[in-house]
Structures are given as structure tokens and as C-alpha cells.
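This document opens with one chain alone, in C-alpha cells, the form predicted alone.
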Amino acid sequence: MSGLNQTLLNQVRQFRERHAVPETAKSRVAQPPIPYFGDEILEMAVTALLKGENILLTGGKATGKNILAENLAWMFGRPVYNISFHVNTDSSSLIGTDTFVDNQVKLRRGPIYQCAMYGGFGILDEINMAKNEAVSVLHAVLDYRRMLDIPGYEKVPLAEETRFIGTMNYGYAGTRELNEALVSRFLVIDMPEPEEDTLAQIFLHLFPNIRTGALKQFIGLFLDLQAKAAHGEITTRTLDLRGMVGALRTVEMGLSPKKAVTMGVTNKTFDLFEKEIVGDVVRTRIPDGWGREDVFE
């Protein structure tokens, strides 16, 4: 956030002052575990949201789409409503379903309904897995109508501060091409692959006591796997930044780096041939004899 120009920072501050968070939604305003590192992408996203646009974050694995979405909600001081799309997500999953309360039929509000009511930031995760029934709900809330039509109940206008942030990966099982009508309702940001400087910032933020030599090797390991995945030598299963962070956390607890990386990286693939390739890459970066003292001060 420090990399944003003062004009944008002032406008974000004014946004927060204009739009107080309802008491019932304050528990959903949460600080992300790490900041997003990438001033250019952050500037584009903040500018779009300030002007009332919804944004779609696209890109490969480990590009920080969800971290960016969570950081944006935190910056704007808005409650977060996560909607993870899958093959069984239908309109009732988004809007809500009828339920009995005190012998009366009432609507149990879904995440899109709550987001509309409380001025939340709705994170539409893996939106390219949404089936047609779910997409039809999104059309009216994402365009100029900003309206949620609830069959049998009422039309709910979106609160002024409500925004939606979609995320999507390429090539995951169950995904499909987004139709033109849905894409037109977003401004699209193509997320860049993490580079050496970005990885260093992430690891140093999470592990300030990591040794310089170990930091270089873990960054190198990620970049080596990234290059092999780009060349089609391996899949992206082991290109897992969360797994690498998890491995480093177990090393902090005293587990050997070799065992930690096996759990966090190598074993993410179940193909024996691919596992051998990844294991060879790991051995060039993480010596078998390393202990906790070789990674952390």
C-alpha cells in the first residue's frame, strides 16, 4: 500500500470514512496474513474499485490472486464474502434458501445477498467453474443494474460500496471459458508470475529470521519449478507457494528441511515420474544434511 500515490491513498481513506461497516458484519473485516507485493497491479485494482468497477484477476497458479483480493478488501475496510464456485454451486447457494424459523418460512440469506446488504467485497473464487444457473445470478449484480432479484421475495439493490472481485486459474479440471457477457462486466487484470524480488519480500515478511543462504535456495527452488512447469516438463501441482511456506513453518518447528520440502512440495504430485524430476530439483537446492540451524538464525 505504501507504493500507491498519495491521491489514491486519500481517496481510499475517504471511502472508508464515508462507508461505515454495519456491526453485524464487522467480524468479516479481517487483515490478510501477508500484504500484496506489486505496486503496479495494486494501483490498477484500487483505481478500478474506487470508480465502482468490479475486477477479474486472471493468471496461473501462485500469482497471488486471492491475497490481492483479501488485501483490497482490508484496504477499503470492507467485510469479505468468499464464494468458491464448483459444479454444484447454484442460485440458492448464492442468494439463499427457504428455511423454517419460529414456524414461519423465511429466507436464509446467502453470501451474495449479505454482500449486497452490508456493502461487502464479494470474492468470486474460481469463477470459471460457475455453471449457467449461478452465472445468471451474477449478471444483474455485476452490471449497471446492481440489483439482486430474489424469486418469491423482492428485489434487493446493492449497497453503494459493494464490489465484486473474481479470480480464475487457467486449465484446472472443471473450468471452462467465460462467456463474453460475463467478462464484459469486469475490468480484467492479468496477474504476473512471481519474480525473485517478490518471493524474497514474501518469505522475509513471513520468516524474518531466515538465513540469507537458505532464502536464496528456497527462492531458487520455486523459480526452478516454475521454469520446468512453463516448459511442460512437469505440471503445476508442485508449483505451490502455500506448500513451500508450510514447509518452512515445519522447519521452524525443528523438522529437517528435506522432510519438510518433501511434504510441502515433492509429494504434491502423485505421478512417480514427475516426483522423480521434482526430487532432483529439490536435491540441487536443499542439501540432505541441512537442519533447522541452516535455514533459520
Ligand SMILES: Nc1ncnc2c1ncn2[C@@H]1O[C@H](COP(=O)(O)OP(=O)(O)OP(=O)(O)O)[C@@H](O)[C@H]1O
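As the structure is a prediction and not an experimental result, all values here were calculated from the model. Only the largest set of C-alpha atoms that superpose within 1.5 Å between the two forms is called the rigid core. Start at 1 and count along the sequence shown; that's the residue number.
Omitted from view is the form predicted in complex with the ligand, to which the following refers.
Partner contact for N169 in the predicted bound form: the ligand, 4.5 angstroms, heavy atom: Yes, N169 sits close enough to the ligand in the predicted bound form that at least one of its heavy atoms falls within 4.5 Å.
Any of the heavy atoms of T198 lying within 4.5 Å of the ligand in the predicted bound form? Flag for T198 set to yes.
Contact flag, G64 vs the ligand in the predicted bound form, heavy atom cut 4.5 Å: It does: once the ligand is placed as it appears in the predicted bound form, G64 has a heavy atom within 4.5 Å of it.
At the 4.5 Å heavy atom threshold, is E126 in contact with the ligand in the predicted bound form? Output for E126 is yes: heavy atoms within 4.5 Å of the ligand.
Heavy atoms within 4.5 Å of the ligand in the predicted bound form: which of the stretches 43 to 51, 22 to 30, 236 to 244, 268 to 276 has them? Within 4.5 Å of the partner lies stretch 236 to 244.
Between the options L255, I34, A229, M263, which residue brings a heavy atom to within 4.5 Å of the ligand in the predicted bound form? Selected residue: I34.
Which pick from L142, A73, I83, I202 sits with a heavy atom within 4.5 Å of the ligand in the predicted bound form? When the ligand is considered in the predicted bound form, the option within 4.5 Å is I202.
Only counting heavy atoms and a 4.5 Å limit, does any residue of 253 to 292 reach the ligand in the predicted bound form, and if so which ones? Read in sequence order, no residue approaches the ligand (within 4.5 Å, in the predicted bound form).
Would you say whether E53 is displaced between this form and the one not shown, judging by a C-alpha shift of 2 Å or more on the superposed rigid core? Comparing forms between this form and the one not shown, the E53 CA shifts below 2 Å.
C-alpha of F222 off by 2 Å or more between this form and the one not shown on rigid core: Yes, the C-alpha moves 2 Å or more.
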